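This document contains two forms of one protein chain, each encoded as structure tokens and listed individually as structure 1 and structure 2.
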Structure 1
Amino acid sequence: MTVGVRLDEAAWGLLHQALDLYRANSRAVGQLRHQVARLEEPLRIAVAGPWRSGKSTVLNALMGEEVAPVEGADGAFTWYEDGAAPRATAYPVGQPAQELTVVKSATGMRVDLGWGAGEVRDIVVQWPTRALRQVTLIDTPALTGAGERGRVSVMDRVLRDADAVLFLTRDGRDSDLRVLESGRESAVGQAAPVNVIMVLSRADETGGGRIDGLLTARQLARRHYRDPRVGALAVNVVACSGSVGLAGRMLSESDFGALAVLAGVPRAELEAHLLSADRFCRGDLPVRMDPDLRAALLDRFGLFGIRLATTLVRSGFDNRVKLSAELIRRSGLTELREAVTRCFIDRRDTLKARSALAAVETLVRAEPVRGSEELVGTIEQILAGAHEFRELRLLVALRHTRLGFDAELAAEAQRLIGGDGVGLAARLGVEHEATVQRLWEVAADAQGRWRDRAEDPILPLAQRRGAEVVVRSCEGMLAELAAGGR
């Protein structure tokens, strides 16, 4: 049993249809070939956001190493991709590419762009790490306010060059959302907000550094997630403190030692020394600690991070591994990585196809030729018909209105259409090691029940339509099981 056209095949077909139509236009052909090649490349995830929102820090936290930013790379996109050996290349506009010196450090690397001549648009850093096996990460320059006409805005470039975006904002304020909304003018942009995760960054600063700040930040993220305006822009909203997460990932034994010493100071006494960064750096601690070490700790953990870490050590996270894991968890980094896996990496094909569709749409809009309306038609057809997009649209709808389903049904529908992860087990809500037999039973059962709903004339149309999508998802799973079982 096949369930409709496969999205990746449809995208491939569309690109070739466009290649045929634009065969006389060598520039367009170049662009389209590039898109075809991109289908096979690792997923590109850009970290974008306004000025000082913590983009480079979040990227480091995801990599688990200090590799960003490249010094002096203002305005350039920095691509971090897998490579055999550390290497960095700068691509200045209108000049030959230039190799940059990579200085390895204990915690990562440093690259200095170090020259003034010419505008550099891209820097490609190759860095051997597992984190880059499946994805290419892009550190981007600060988003400029909307309305800077004449040149391609940073956001436009991000949406064009990346398959998915981590959109950082410190508080999800209006002006930030508007930048994100500016990317939704095209048909592909409007189809489903699959390619953006909104990150409330620097979450440790919420509450002015109070110890419960990260919890508050998580609540804020949930509030944003339920806001329909955000729902139209992002698949997910996660609060994350890049600096605390990074500090957790790179926690060394000596870091742990210093923190443990601090945790040894009676709470009330330590609190007085953690009143302000100044007091921590300059005050007379009851334990001996080098001012340089204090400054370094403060620099990496922040005042909040030190407060959190010492509290955690006191409450039982009493070795490096435990503390590191808990810092990563509390910082929201774990949740962010899970969201990246679930929303981006697992949906790689959908995102790649989406990029291809968007590229063809952009080309057709910029250089319409005879017959290009047909391409637009194909794009719309794919957007409307591809099951992946219908699932994603239903997800957004369920998130905000539940379509009138009760909470339990809405949750089931959401799970079945991949809202909790696109793997079979995640969709069916069964344990990972479940047998094919069991998966089949659960899927068939769900299919039967949702089919009844889809065909129940008493239900409102929206619910029946929604149920149809769920049925299609179940059919897809059964087909997958059948194919696997052969």
Structure 2
Amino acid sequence: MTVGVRLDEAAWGLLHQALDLYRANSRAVGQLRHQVARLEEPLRIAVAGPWRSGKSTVLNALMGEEVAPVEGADGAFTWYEDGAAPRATAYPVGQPAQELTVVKSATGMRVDLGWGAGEVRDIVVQWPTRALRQVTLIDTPALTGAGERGRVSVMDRVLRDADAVLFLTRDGRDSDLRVLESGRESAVGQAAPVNVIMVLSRADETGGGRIDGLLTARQLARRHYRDPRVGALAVNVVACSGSVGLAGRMLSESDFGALAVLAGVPRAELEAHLLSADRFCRGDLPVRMDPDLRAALLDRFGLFGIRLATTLVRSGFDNRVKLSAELIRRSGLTELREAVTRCFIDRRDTLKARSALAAVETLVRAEPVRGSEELVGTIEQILAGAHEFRELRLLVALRHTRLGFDAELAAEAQRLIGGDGVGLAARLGVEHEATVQRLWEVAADAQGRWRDRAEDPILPLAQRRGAEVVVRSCEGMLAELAAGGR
């Protein structure tokens, strides 16, 4: 909740200060102007992770259509943005841009690089969908080893070009955490580690593919969420099976009919045919089912998805709509989309401003000139004083230690500083239809109570400083209400 100078305004001023300082450097001027333009563009969210972490599947699940990956573009960054009509453009290194053929299908589209253009750095895909109205999604190359196409170069570019990152990992292993730690080496990275959601993206494989594997994955996500090392790197941790979520979003009547037929087979008998893909596709099922249909179900759902869907049909999810909704819920996709909205989209101005600060810091560290020390000082002042970053740092602290507050006070503090949503009603814990008078009364009451804590000399210093952040958030809400906001 902004108090005083808005963070995005401070970032805009910093960029123009840098433009004036580097006006004789045409390359630097181009970079800085690009950053100024980014402040007005949709939020950029990169989907990053190691090989076979399910990046394209999660991206498709978020959009509800099969649009990724672009065939033959393993080493390229693929940008998915809103557009009036389907269109794809490749940008090969050292060559002119090339328009690619887009083939629409019943479930989305297919784009094939399909030509020998040398190394392709970027592909921009325009696709008309509501999911891309406020964001641009970036499908990135796999993070593998160090080297030209390895972990270091890819992650460096992700951190430079994206405002926020969905970092996909199978289980949050140490090697994956080290990749994220590389983004904390700068002053901005250390002061504002707020632009990453960690996604346990192969949640359906947790627990050896058992039917309760998704529940086990959620429990693992909660443990990671409480881990201080993870808290310093990611603002949230979510378990999500992209394949189950996508299957749920795209479930057709014919898919449901086939699953219902399979659900009619006694569980133990069907289970014997779900031990391997070969058994399911080639074995003698106790019901008649075309081999092509079996292959299509396996491709869409996987063995775990078929096992889960047939179990749900037997449990009463006996039509397409019911089954679709339950698959989406169980997959973790709803939780992931809510986390993206709450942590990224609702805070898009803060995240884009963070990107601007990081870009200026990178420039002045790499190409110092006379007067660049002043820019570094301005960056440090913004990082220390920006209330938006103080809120996010307090959220991390409350998540792990509660600063000594009891559970009820910690929950209230988290809500007031935007942990449950940045809208006034969400922060104040009232109904969305609440009147301005009601919002004012609740905000003023919270401000008074938390000011008492901030000024109480008996409380530990950490609690008083945390209470000061909450008070400033309440002041910002009251200022917004006085200006006519809701």
Ligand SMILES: Nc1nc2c(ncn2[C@@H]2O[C@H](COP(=O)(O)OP(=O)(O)OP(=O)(O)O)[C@@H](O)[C@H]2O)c(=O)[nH]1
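Every residue number counts along structure 1's sequence, beginning with 1. Note that this is a predicted model, so its numbers are computed, not measured. Here, rigid core means the biggest group of C-alpha atoms that superpose within 1.5 Å across both forms.
I need to confirm something. Of structure 1 and structure 2, which is the form predicted in complex with the ligand?
Here the form predicted in complex with the ligand corresponds to structure 1.
On a core-based superposition, does G283 travel 2 Å or more at its Cα between structures 1 and 2?
Yes; G283 is a residue whose C-alpha shifts (by 2 Å or more) between structures 1 and 2 when the cores are overlaid.
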